[in-house]
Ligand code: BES
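First, one chain by itself: the form predicted alone, in structure tokens.
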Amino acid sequence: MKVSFAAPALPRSGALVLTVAKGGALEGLASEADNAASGALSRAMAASRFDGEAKATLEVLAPSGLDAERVLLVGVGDELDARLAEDVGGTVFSALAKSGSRSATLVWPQAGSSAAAALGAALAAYRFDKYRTRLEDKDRPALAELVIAAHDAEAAGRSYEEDGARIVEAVAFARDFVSEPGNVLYPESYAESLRGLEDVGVSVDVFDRAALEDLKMATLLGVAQGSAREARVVVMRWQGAEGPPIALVGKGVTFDTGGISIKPSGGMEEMKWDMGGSAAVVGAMRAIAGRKAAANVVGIVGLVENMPSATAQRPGDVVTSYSGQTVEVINTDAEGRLVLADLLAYVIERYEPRAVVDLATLTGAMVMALAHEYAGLFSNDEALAEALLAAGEAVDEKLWRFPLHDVYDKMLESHIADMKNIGSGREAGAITAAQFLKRFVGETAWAHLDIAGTAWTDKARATVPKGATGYGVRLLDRLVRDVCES
């Protein structure tokens, strides 16, 4: 969908969108439009009890006296800020997407948040219809252009083009990867696709199996050994500033059967999105490079497929990680932490980052704890944790902090190795996973985000359609802004 900005005016065609504050008073151009329509809008509001509640909508078709083919009234509540502006923009797109209108003009009531409204609408417009060959026209969004009519149109247009559009591209980039099926997106094809980041100035290095064997990344390679698809690790660098980088680490299990510890068949098709952590990292790298951030950032993703076969890793196997620590693999479905263990140790040793953040669809226990509303946050550094919490609130990718404590380490004790890859019993599953990862970061400031419940959604929100959410892209981009560029 094309987004543009213009001075406030009533359109001569398409849909007209008017905002209404809490209480239902029509002001400015909304009042002018109502007068031109002989009070049709105010009468419709009274008949439907529409009073401007935030994100509520009311559609009036073909009102006499106006050139618009329809008028959409949308509530903005009693306190319009940038976050609500995004949701209102997304609400407008969703309300008009299949209405039949090809263009719409959204008359925005205040300066300073019109670019946010455009961002919300563009995020909501994402679709993944690549494989739908029989989609009827009535099921395709018709809305192709949205004009934001605002008093700060020129400044808002610059802001959106320089920043908002880059975010939209990056989130869509991540959502596309998460949406792809496992027969299309596998470690080798994923890694090759990431070479495209070089077009926006990111340096990209791809490590194949031979290189990973030379590096002795045995915990990562152990996960991949049951698949015909070879593992890859991709390192991405954006150097827009001097000094130690911030490192972003992503789990990229392109399909997860559970391996020998195989998952139940029901719902297994969803395990194509077990690479959501890696998608967040690559999307963030695209956003950071796209806006030419004054920051030094390293992104690293471990790409593997976890399959059962005659060559697959067995429960009870012992592997030696990149760090030299040994791991007894009790459950091959606790594979994400094995991938991250080698990545964390490698990126810390190789780049000596100021801080490390890893993201992974790591545990079902996190979904049980937080459902699909928050991601879990674990950290050994208070300043980093606070920065992440603030960034999550700012972009509505919320985090909830969980404890790290030595008492949980006892649950990872092995009789024959330095540690097991899973805790004893089902208690504190997300916490013991984080405790496992903590053993590979030393004293480096580190945070682990368990995004198992937020990488995919079956329920659309204002700016997030059903399916892949792209969760983490905006969070990481905001973190880099706040920590590295402020």
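Only a predicted model underlies this, so the values are computations on that prediction, with no experimental measurement involved. Note that residue numbering begins at 1 and tracks the sequence as displayed.
One more form of this protein, predicted together with the named molecule, exists but is not displayed; see below.
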{"property": "Contact label in the predicted complex: D333 to the named molecule, heavy atom within 4.5 Å", "result": "yes"}
{"property": "Heavy atom of A365 within 4.5 Å of the named molecule in the predicted complex", "result": "yes"}
{"property": "T361 within 4.5 Å of the named molecule in the predicted complex, heavy atoms", "result": "yes"}
{"property": "Contact test in the predicted complex: L41 vs the named molecule, heavy atoms, 4.5 Å", "result": "no"}
{"property": "Of R337, R232, R286, R175, the one that lies within 4.5 Å of the named molecule in the predicted complex (heavy atoms)", "result": "R337"}
{"property": "In the predicted complex, the residue from I422, V60, M45, V441 that sits within 4.5 Å of the named molecule by heavy atoms", "result": "I422"}
{"property": "In the predicted complex, segment of 155-163, 220-228, 273-281, 241-249 with a heavy atom within 4.5 Å of the named molecule", "result": "273-281"}
{"property": "Every residue of L212, D342 and R350 near the named molecule in the predicted complex, heavy atom within 4.5 Å", "result": "no"}
{"property": "Contact set, 240-267 vs the named molecule in the predicted complex - heavy atom within 4.5 angstroms", "result": "K251, D256, K263"}
